[in-house]
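Here you get one chain, nothing else, as structure tokens; it is the form predicted on its own.
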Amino acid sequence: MQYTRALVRNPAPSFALGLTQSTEGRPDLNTALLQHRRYCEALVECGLQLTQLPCDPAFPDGTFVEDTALLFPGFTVLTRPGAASRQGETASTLAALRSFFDRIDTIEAPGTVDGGDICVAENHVFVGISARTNEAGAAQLTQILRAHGYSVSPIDIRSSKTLLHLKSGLTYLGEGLMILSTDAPKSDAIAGFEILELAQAENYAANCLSVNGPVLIADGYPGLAAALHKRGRRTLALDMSEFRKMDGGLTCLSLRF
């Protein structure tokens, strides 16, 4: 898919108070802001025009805008994040999306969906069932997507001790290429894709992002970089250290369309 725009949101002053399972320590806000600025610059380098969403200290996880909506050609789905402390983040996302989309579907209670659990591979969508995306939310989303002509496969990651979201361990880079961490579920639903499985030491790098050709990858993972270069893919390596401390990755920081 060719992207032209993205929604982003700077880390809030309260960023270090956000939800995390990481044991790597508290993030440094100033470093996070610098890393986020470089991330935004990389999106611009890839041809995107950015819309900055308002930053609200009441939502320390708000920089991870991907969890608040799912964007498709011609329509969008406003999610209902699985963490109660994050559900207020969708209001500002909705306000921005109304400028770009006429059709906005919504996940309703008791359903919950985090955008990080949704991996779109052409006209097929993998929906992660997780601690953040429940079965009710997945069922609502499946109904919405099928009505728009998409096929859907659920992938249950609730037994994983390491994956917060499906895309923490599985991302699609286009041209039939799927990136997997060693702890991603080995689902039959992905059997038709070319699988690039990472070494365990590079599991974090599984969350990468293809934007109009170049692939944004986390810096410090030479195995993934070499594998992509071998396949003729250009990479842009970005320092993600402060977002990793908050369980975040490259796809989490923007909504592309």
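Don't overthink the numbering: it's just position in the shown sequence, from 1. Predicted model only: the values in this text are computed from it and were never measured.
As for the form predicted together with ligand CIR, it is not shown, yet the points below apply to it.
Problem - residue 170, heavy atom within 4.5 angstroms of ligand CIR in the model of the complex - result: No, residue 170 sits far enough from ligand CIR in the model of the complex that none of its heavy atoms falls within 4.5 Å.
Practice task
Answer for residue 164 alone: is it within 4.5 Å of ligand CIR in the model of the complex, judged on heavy atom distances?
Solution key: Flag for residue 164 set to yes.
Handout entry: ligand CIR contact in the model of the complex: residue 248, any heavy atom under 4.5 Å
Key = Contact check for residue 248: yes, within 4.5 Å of ligand CIR in the model of the complex.
Practice task
Determine whether any heavy atom of residue 255 comes within 4.5 Å of a heavy atom of ligand CIR in the model of the complex, and answer yes or no.
Solution key: Result no; residue 255 lies far from ligand CIR in the model of the complex.
Handout entry: Option from 191-199, 218-226, 60-68, 43-51 whose residues, in the model of the complex, bring a heavy atom within 4.5 Å of ligand CIR
Key = Selected range: 60-68.
Practice task
Spell it out for me: taking ligand CIR in the model of the complex, does every residue among 80, 111 and 127 have a heavy atom no farther than 4.5 Å from it?
Solution key: The answer is no: none of the three residues contacts the partner (heavy atom, 4.5 Å cut-off).
Problem - Residues of 1-33 having any heavy atom within 4.5 Å of ligand CIR in the model of the complex, listed in sequence order - result: Result: 19 alone.
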